[in-house]
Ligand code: NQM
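The chain below stands alone and is given in structure tokens; this is the form predicted on its own.
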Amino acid sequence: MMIRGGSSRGAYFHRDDLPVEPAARDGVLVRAMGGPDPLQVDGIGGGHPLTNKVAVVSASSDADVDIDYLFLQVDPASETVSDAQNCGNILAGVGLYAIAEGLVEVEDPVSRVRVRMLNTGAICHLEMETPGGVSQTLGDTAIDGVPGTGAPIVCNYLDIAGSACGALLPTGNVVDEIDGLRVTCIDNGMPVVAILAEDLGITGRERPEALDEDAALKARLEAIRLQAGPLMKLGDVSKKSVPKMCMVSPAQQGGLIMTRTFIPHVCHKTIGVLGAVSAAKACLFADSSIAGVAIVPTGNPRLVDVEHAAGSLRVQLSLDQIGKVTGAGIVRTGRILFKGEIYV
């Protein structure tokens, strides 16, 4: 199936329909999505990282989990496939796929689909409207970066700190200095390097297209990213899609912060779900590299809006008595676009 999950679009495959051996599987996916031409006229990819995503889905043998989900990022230019990260937007479509394929039991009026993200082992519970036992698509929920409205899909992430790097602060520090700049390296579901936009000589309010054309900025960010990778226990990240580079400036619409994120070589039109969760958590450290521009609310749970070029993404952070994030909730929407066969 091709499904829009959140503000991304991906090809969803049942695990049994793909080769077991990873190299053979990746070869099939590269052919399916197309490349290396940027328009991907010989495949179903859309010429952007946000439309070159793949979900591999199967029923889980774990009694505490309904679905196992492997996220794969296809890079058509290099004709490679990476499993180095999760994707929270594509995750939002996993419940739609699982229900449509009969992989889970449906309840009335709300179904909960318990998903294990195989990339990191983290767990997310998807709550979906299923009145009369039927998956709902239409609704009044709007998310920035997607036209129109749809039925809400509530993504409740369980303890995801350090899911990719092994620790919330994988370098052991709240702040590190790389190339003379203060950065916070954090993994609260997605490895992110958070840095003040003004430290890079930009406002942080530029359009993503303008930042994509700034060769000097991109080179500087990549130099920082390559050094951050080993510090974050990710090793050589020259061919990996993590960590993400998140440039932060003061919020413009009353939110927590304003962001521009490279993922890692193209500027995101919005912001990734788990990237937003990690950036929001970084703001809770009073001495982090970006805390000085953040407007952090009080209370528990804390509702924060992470602003981006197309609007904002609302994050609900649940904290324990010592301030550790024990859960993060995100509201997304999704829609099955088509179901069929892909010829490779």
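A residue's number is simply how far along the shown sequence it sits, counting from 1. All values reported here derive from a predicted model rather than from experimental measurement.
From this point on, the text means the form predicted together with this ligand, which you will not see here.
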Check: Residues in which of 201-209, 129-137, 269-277, 143-151 have heavy atoms within 4.5 Å of this ligand in the predicted bound form?
Finding: 269-277
Next item on the list: Flag this candidate site as yes only if 53, 87 and 190 all have a heavy atom within 4.5 Å of this ligand in the predicted bound form; otherwise mark no.
Entry: yes
Notebook entry, point to check: Out of 237, 258, 263, 196, which one falls within 4.5 Å of this ligand in the predicted bound form, going by heavy atoms?
Noted result: 263
Notebook entry, point to check: residue 225 near this ligand in the predicted bound form, any heavy atom under 4.5 Å?
Noted result: no
